[in-house]
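One chain is shown next in structure tokens, namely the form predicted alone.
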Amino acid sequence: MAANDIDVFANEEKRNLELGGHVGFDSLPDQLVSKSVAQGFSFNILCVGETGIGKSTLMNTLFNTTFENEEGSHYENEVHLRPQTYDLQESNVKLKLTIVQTVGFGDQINKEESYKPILEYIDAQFESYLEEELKIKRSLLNCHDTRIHICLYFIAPTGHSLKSLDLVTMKKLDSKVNIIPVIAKADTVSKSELDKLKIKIMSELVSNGVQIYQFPTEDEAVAEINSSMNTHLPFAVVGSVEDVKVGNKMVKARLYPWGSVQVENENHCDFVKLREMLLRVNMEDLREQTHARHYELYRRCKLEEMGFKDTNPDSHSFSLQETYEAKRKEFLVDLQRKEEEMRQMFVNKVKETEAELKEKEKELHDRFEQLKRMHQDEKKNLEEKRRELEEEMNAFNRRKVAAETLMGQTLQGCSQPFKKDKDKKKLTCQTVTQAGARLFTYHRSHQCSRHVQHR
């Protein structure tokens, strides 16, 4: 092209295309809003805190309603989670709200594993959503999303610092869920002590590497208010469902002998700040952070654990079927290896058992032989003793017979002299008797004659 032609082309005015009518794609946000409103929204809140710290009361105050909630006990053996779902509506917007209470948290003597049931519950909700995603016929729009969007961690107003249980639990949860720490029952602490407690809590969280949820400042519409609210963390809140007359109007407050604490008065507590940040300004960001950050982290780790990868070692993408087949072959090889190990282990176990049985059998046989010898020795001794006893019995019987024979002969030889002596003794006795009788008669008659003469 000649230089003159280029100059002429450059000097020509650019042609502007004008639309012949209204296109209308500027109504797309309105379409999304209408569709979202028709589908409704879901929001899931996890309340973590000790029993009796005011979790249920704060939930009732946040949504200006009274949820049915069973009173917690201080005598739970372990921590268990109790989810409750409610269908709420404000204007034409429907909200499926799920409130998950940690029953028994912090009530055990050994609190070392109090956070584990909470982690297991959060992972179970991620697992449920992932299973729905991996189905052949899935319906994510109609599926009830139970993933936790926000964790309100209730801190006891001790006035000192965070407990070890608080630090450990929040450290374990910060990669699983958005955490907003709140100081419960803030009306029990003076305002100056409350400011010091907030500074100390944030300092301990930073020094221990606990990542809490920060309100986003990328959107210019909410950047200023979110940036301001980030400086008020943790929020010091007071909950109440009682209506108290203050001046000429009824407000939510708690009555004390020295006055009242108004829940919605920002000079009394941070309840209004929490409600604004949680429900009005950042609810959608909390839902998005849960899906884009926490769930994606869980999903990535889970798929990598299952063997799925985005690229092969040569940085070439491959299909899901190839990944499945490769993983299947790996599992089969691993299964065969484990089967062989189990078989070898079984054979070794059988050999060890046989060796033990043989050893036991040998011990029993030796014991039997020993008992058998002992039995034979005892039997031999008994036979000798029996023979000795028989010999003694025979000798005794012979001596007995000899003694009886000798006694018989002796008695036969002495029978006649013994009879003569008996007759002689009988005659002598008769003679003595007769002489005694005559002597007695004589003596008696002599006494009688003497008696007559005396008279």
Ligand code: GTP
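Note that residue numbering follows the sequence shown and begins at 1. What you see is a predicted model; the values in this text were computed from it and never measured.
As for the form predicted together with the named molecule, it is not shown, yet the points below apply to it.
In the predicted complex, the named molecule lies within 4.5 Å of some heavy atom of G52. Although the partner is absent here, D187 sits close enough that one of its heavy atoms falls within 4.5 Å of the named molecule in the predicted complex. Remark: Q262 does not count among the residues lining the named molecule in the predicted complex, judged by a heavy atom distance of 4.5 Å or less.
In the predicted complex, the named molecule lies within 4.5 Å of some heavy atom of E70. The contact with the named molecule in the predicted complex, taken as any heavy atom within 4.5 Å, belongs to Y256 out of Y256, F346, Y75, F368.
Note on contacts: among M277, V237, C151, I118, the single residue with a heavy atom within 4.5 Å of the named molecule in the predicted complex is V237.
The partner is not drawn, yet in the predicted complex one stretch among 31-39, 55-63, 383-391, 396-404 has residues with heavy atoms inside 4.5 Å of the named molecule: 55-63. Contacts between stretch 93-128 and the named molecule, counted in the predicted complex as any heavy atom lying within 4.5 Å, involve Q101 alone.
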